[in-house]
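In the block that follows, a single chain appears as structure tokens, in the form predicted alone.
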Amino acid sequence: MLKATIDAEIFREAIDAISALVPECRLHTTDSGFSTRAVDTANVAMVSLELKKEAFESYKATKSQLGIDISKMKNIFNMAGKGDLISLELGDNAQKMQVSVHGYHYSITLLDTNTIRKDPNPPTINLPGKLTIAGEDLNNAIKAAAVISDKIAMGINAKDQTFFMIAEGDTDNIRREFSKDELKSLSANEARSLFSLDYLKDMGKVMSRAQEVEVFLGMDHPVRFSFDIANGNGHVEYLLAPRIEAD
């Protein structure tokens, strides 16, 4: 059972965070809120999301697992205007969720959860390099790098106390260094890994809205991004595997 209303912008933020990596997911509902964890089809990136009941205007739910077509939910938001509320309603054992927004009433068929990949277990990885950066600054650096290449090196120079992002193309290159003063915090442990910009561009659009993004790095290890959404009543984490550099 689910009966909830939420500001359309807040729910769009949550759906956008998921859709950056996957077109569908298993959404877990409890009396305290929503959560999901999903990995993309290539097993390169993972998203974890929690949305507390405090993020909603009203919220009542029992423990259940719903198969959600994220792409379809994104299309519904095109009908929502600023200040609109989205209403979600699902009866016990129902196969369709009723979604209302801006005078439109949708009946959305849920996906069979047996056809959706099971929730991945979060890996235990030691990522000693840590920094906190404004989401807009991080996204701007990602966008700048994407003009030059399809991959980017991200890391921490412990000696210089800087966070760097380097992209190299066939003929051009770009480097952006953030000094400790430009960052909100920095644990300057040496780190460097190479990542696909195809994934980072989609993540960056979502992270650009966050005031602060925590970034965790290691040597040739995945990167983990952690940030709040929904005015602090939601949380998102992305994990992206590194690309292997050719010798």
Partner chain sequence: MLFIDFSRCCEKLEGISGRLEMIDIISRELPGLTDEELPIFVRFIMGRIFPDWSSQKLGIGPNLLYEAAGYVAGVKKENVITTINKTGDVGQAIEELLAEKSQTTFFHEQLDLVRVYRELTSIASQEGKKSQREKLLAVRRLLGNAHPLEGRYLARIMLEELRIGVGEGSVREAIAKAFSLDSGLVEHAMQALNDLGEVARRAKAGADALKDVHITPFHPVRMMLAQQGTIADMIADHGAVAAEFKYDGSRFQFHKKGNWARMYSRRLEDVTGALPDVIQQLLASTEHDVIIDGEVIAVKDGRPMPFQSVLRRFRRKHDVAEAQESIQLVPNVFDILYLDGATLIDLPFDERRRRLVSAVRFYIAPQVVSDNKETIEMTYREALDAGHEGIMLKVLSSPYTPGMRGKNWIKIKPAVDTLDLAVIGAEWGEGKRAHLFGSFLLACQKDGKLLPLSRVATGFSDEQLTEVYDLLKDAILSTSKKEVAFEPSLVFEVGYSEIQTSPTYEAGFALRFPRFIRIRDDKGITDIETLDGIRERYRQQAKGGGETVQK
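Numbering follows the first chain given and starts at 1. What you see is a predicted model, and the numbers here were worked out from it, not measured in a lab.
From this point on, the text means the form predicted in complex with its partner chain, which you will not see here.
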Tell me, yes or no, whether Val44 is in contact with its partner chain in the model of the complex, where a contact means a heavy atom of each within 4.5 Å. yes
I'd like to know if Asn78 sits close to its partner chain in the model of the complex, meaning any non-hydrogen atom pair within 4.5 angstroms. no
So, in the model of the complex, is Pro123 in contact with its partner chain at a 4.5 angstroms heavy atom limit? yes
Heavy atoms within 4.5 Å of its partner chain in the model of the complex: does Leu2 have any? no
Only one of these stretches, 27-35, 48-56, 208-216, 63-71, has heavy atoms within 4.5 Å of its partner chain in the model of the complex; which one is it? 63-71
Report whether all of Pro23, Tyr199 and Pro242 sit within 4.5 Å of its partner chain in the model of the complex, measuring from non-hydrogen atoms. yes
Can you work out which of Asp84, Glu177, Asp150, Glu136 has a heavy atom no more than 4.5 Å from its partner chain in the model of the complex? Asp150
Listed residue (Lys143, Lys96, His102, Arg117) with a non-hydrogen atom within 4.5 angstroms of its partner chain in the model of the complex: Arg117
